[in-house]
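In the block that follows, a single chain appears as structure tokens, in the form predicted on its own.
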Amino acid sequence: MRMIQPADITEAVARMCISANVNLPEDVHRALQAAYEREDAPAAKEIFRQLLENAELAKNTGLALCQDTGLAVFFVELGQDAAVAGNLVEAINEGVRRGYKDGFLRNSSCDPLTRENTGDNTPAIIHTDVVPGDKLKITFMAKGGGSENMSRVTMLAPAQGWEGIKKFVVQRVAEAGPNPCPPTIIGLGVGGTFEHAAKISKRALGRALDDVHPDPKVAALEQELLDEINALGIGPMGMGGKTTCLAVKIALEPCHIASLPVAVNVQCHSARHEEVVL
């Protein structure tokens, strides 16, 4: 059994919290640059220029990409031949406390009723799975409120099928308009149960934008949805143009014969995530 020290987890989490909030992922930067180059509408092109400039400023100054530094969301894969020599959850939360403090990142976690801020952006949202091996993989996502508020879960009738799913997604993006700070990335979870569809839809946002789904049929559905969303013409920050969405990532899971759970998780253009393997 391989032992992993809580101090190493805390240090890695603190580092990721700061780095992810400052450095735009390279795949997102490439997608924004490509959208800028193909855009004809002057207002939309200027928005893309500003987004690229903002990313460069954040990188050079060490300041956050966005004032909304998000709730701290983690997907944890713990190898079955590894163990944490202490409290895994507390080690992650301590990393969040340190990272958000040392990185001068906004604390957004609050009581849902009183709205009193917890003061240190904890507790983190932690999803843990046991997997083969002796490693600990931690994926961090800073999830902003603007995009999260535009996300939805629904239970469709099985007979509605792909056309019903597509209609729900496109309508959700249209209704969201400029609110989630487009261009967006859409994580689509289909199957499982009510809560599982939401989980896999968010996890799908961790895929690289240029990652092609290994199933050609699903890859084609991702492209179909992306084309229909971009045909809406909402554009960056709602200013119109060719690019409303940078990518659609679909996650499928088996579901009950009587159900068709569908979750749309909307991510803003500042798609902040990092991972570490210990």
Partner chain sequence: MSEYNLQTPLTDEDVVQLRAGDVVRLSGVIYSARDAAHKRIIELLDKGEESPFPLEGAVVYYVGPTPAPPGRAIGAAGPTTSYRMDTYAPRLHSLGLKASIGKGKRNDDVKAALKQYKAVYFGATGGAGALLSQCIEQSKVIAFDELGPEAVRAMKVKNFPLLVVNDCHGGELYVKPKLDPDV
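Since this is a predicted model, take the numbers as computed values, not measurements. Numbering follows the first chain given and starts at 1.
The next section is about a form of this same protein that is not shown, the form predicted in complex with its partner chain.
(request) Work out which of A83, V153, V170, V76 lies within 4.5 Å of its partner chain in the model of the complex, going by heavy atoms. (result) It is V170 that has a heavy atom within 4.5 Å of the partner.
(message) Quick check on this chain: which one of L221, L252, A41, A58 has a heavy atom within 4.5 Å of its partner chain in the model of the complex?
(response) It is A58.
(message) With the partner left out here, check for me: in the model of the complex, does some heavy atom of L226 sit within 4.5 Å of its partner chain?
(response) It does not: once its partner chain is placed as it appears in the model of the complex, L226 has no heavy atom within 4.5 Å of it.
(message) With the partner left out here, check for me: in the model of the complex, does some heavy atom of M239 sit within 4.5 Å of its partner chain?
(response) Result yes; M239 sits at the interface with its partner chain in the model of the complex.
(request) Look up in the model of the complex whether Q50 has a non-hydrogen atom within 4.5 angstroms of its partner chain, and give yes or no. (result) Output for Q50 is yes: heavy atoms within 4.5 Å of its partner chain.
(message) Within 4.5 Å, heavy atoms only: does A174 come near its partner chain in the model of the complex?
(response) Yes - in the model of the complex, heavy atoms of A174 and its partner chain come within 4.5 Å of each other.
(request) Identify whether its partner chain in the model of the complex is within 4.5 Å of every residue in the set T128, V190 and V248, based on non-hydrogen atoms. (result) No: none of T128, V190 and V248 comes within 4.5 Å of its partner chain in the model of the complex.
(request) Determine which one of 176-184, 196-204, 135-143, 84-92 lies within 4.5 Å of its partner chain in the model of the complex, judging by heavy atom distances; exactly one does. (result) One stretch meets the cut-off, namely 176-184.
(request) Can you tell me which bits of 241-275 touch its partner chain in the model of the complex, meaning any heavy atom within 4.5 Å? (result) Read in sequence order, the lone residue that approaches its partner chain (within 4.5 Å, in the model of the complex) is H269.
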